[in-house]
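To begin, one chain is listed below as structure tokens, in the form predicted alone.
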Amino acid sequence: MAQALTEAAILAPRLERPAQARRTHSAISTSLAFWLLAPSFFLLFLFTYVPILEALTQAVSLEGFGGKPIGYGLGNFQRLFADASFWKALWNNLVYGLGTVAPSIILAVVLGVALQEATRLNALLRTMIVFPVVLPLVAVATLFAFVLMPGVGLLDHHLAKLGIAATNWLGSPDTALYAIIGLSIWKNAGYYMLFVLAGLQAIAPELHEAAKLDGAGPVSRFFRITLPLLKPTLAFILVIAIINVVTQIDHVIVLTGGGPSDSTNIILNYIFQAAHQQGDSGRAAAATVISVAALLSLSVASLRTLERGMHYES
């Protein structure tokens, strides 16, 4: 018994040294990681969270004659909700989102599945489809201004061969928003296709080979293997697409400026008009707070909905 206690007393310091060394190494690694990430955290706080806090403060700040602050309250939100132009912009943004998100993602999945094989033809087609991604949105809008020009534009030129009369696509309230939607689908589908291709590369080929041996056809393999395993990728794409619906505005400003008759006026353009054209910074800040809150809620809900119940094997 005495010998066992003696041996334990001798071994105890030896066992403590590696544990202490591991704790010291872990503390040093944590400290190093913090200092390496500190500049990024500082810039993120400075250019993201500070503007959000300023917008929130301005949204609840009440101004009197001459722009003098007179207190805090929800007056800016009340004026915002009483503005018919805000509800029109909100409805336009909803229609714009429904018209661009689902078609763009579906088209990206179809193109990704069709072009996933590494062949020279597929490489060429991928390049052609991804080409709009590298173009600035302002340049794409300028290009579409010529394509959609009534009577002499490229679209009306080809429609005239089919006996369809010329249409003022951007000048009519009935078609202007749908023209913007078509531009956005053309611009974003190739971008989303890149993520789909990356997700397809992560799917083990053995799964498809086993399904083929069991007699599963291409359609069955797509819905039972490919699509379920693409859900994490689709969840990520959906969040990006929702962000684009709220933040992309260059093409609206270049092509229509929100017109005609506010038919293409979306939330971000409404905020721009309220802040810079009408000088109502309080109402613009209130609309900004609502937009950020809605965007955050939709993003979180999209991720939770699409990732719920998914199980993967490495």
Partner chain sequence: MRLVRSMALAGALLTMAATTAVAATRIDFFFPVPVDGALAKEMQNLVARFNQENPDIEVTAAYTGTYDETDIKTRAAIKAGKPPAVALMSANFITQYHIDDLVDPFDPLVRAEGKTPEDFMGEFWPALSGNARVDGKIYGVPFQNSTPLLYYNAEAFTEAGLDPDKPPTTWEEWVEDAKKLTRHEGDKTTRYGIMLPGTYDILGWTISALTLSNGGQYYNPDWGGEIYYDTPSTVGALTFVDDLVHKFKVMPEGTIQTPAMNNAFFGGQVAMIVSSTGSLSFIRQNMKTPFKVAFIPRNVRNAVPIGGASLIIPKGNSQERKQAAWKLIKWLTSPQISGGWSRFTGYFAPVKAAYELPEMKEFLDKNPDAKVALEQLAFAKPWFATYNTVAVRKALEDEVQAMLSGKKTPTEAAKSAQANANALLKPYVDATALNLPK
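Numbering follows the first chain given and starts at 1. Computed from a predicted structure; not experimentally measured.
Just so you know, the form predicted together with its partner chain exists too; it's not on screen, but the next bit is about it.
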(request) Would you please decide whether residue 255 lies within 4.5 angstroms of its partner chain in the model of the complex, comparing each non-hydrogen atom pair? (result) yes
(request) Look up in the model of the complex whether residue 219 has a non-hydrogen atom within 4.5 angstroms of its partner chain, and give yes or no. (result) no
(request) Mark residue 149 yes when one of its heavy atoms lies within 4.5 Å of a heavy atom of its partner chain in the model of the complex, and no otherwise. (result) yes
(message) With a cut-off of 4.5 Å between heavy atoms, is residue 90 one of the residues that contacts its partner chain in the model of the complex?
(response) no
(message) Each of 100, 109 and 226 within 4.5 Å of its partner chain in the model of the complex, by any heavy atom, yes or no?
(response) no
(request) Counting only non-hydrogen atoms and a 4.5 Å cut-off, give the residues of 255 to 279 close to its partner chain in the model of the complex. (result) 255, 256, 257, 258, 259, 260, 261, 262, 273, 276, 277, 278
